[in-house]
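Below you'll find only one chain, the form predicted on its own, shown as structure tokens.
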Amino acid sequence: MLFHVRMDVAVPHDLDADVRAELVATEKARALELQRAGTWVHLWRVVGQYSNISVFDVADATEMHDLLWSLPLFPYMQVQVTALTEHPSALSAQR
């Protein structure tokens, strides 16, 4: 099941610099892990913002929910999730 996810990150400015650096490093490691596993299939930066647009390929909504909660920066994110399905006019749907 595919999900389109927008993540807007707002880490508090007064967060200790070392804590912030550790959070960012562990977030990057988790994102790379999920990409290598084929779960986080697309990751794009939103220009001029601390945000991304991503596509995830997971079994169901519960897995998507659990995955998001596993992200180290999740407590500092505003997340919008949209389930996707193939459009009948998509080239891939023409058989």
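From 1 onward, residues are counted along the sequence shown. As the structure is a computational prediction, the values presented were derived from the model and not from experiment.
Just so you know, the form predicted in complex with another copy of the chain exists too; it's not on screen, but the next bit is about it.
Colleague: Is Val19 part of the interface with another copy of the chain in the model of the complex - any heavy atom within 4.5 Å?
Modeller: Although another copy of the chain is absent here, Val19 would stay clear of it in the model of the complex, with no heavy atoms inside 4.5 Å.
Colleague: Would you classify Leu23 as touching another copy of the chain in the model of the complex, given a 4.5 Å non-hydrogen atom cut-off?
Modeller: Leu23: no, not in contact with another copy of the chain in the model of the complex.
Colleague: Would Val81 show up as a contact with another copy of the chain in the model of the complex if we use heavy atoms at 4.5 Å?
Modeller: Contact with another copy of the chain, yes.
Colleague: Taking another copy of the chain as it sits in the model of the complex, is Thr62 in contact with it (heavy atom to heavy atom, 4.5 Å or less)?
Modeller: Judged by the heavy-atom cut-off of 4.5 Å, Thr62 is in contact with another copy of the chain in the model of the complex.
Colleague: Can you name the residues of 15 to 45 that have a heavy atom within 4.5 Å of another copy of the chain in the model of the complex?
Modeller: Heavy-atom contacts to another copy of the chain in the model of the complex: Lys28, Ala31, Leu32, Gln35, Arg36, His42, Leu43, Trp44, Arg45.
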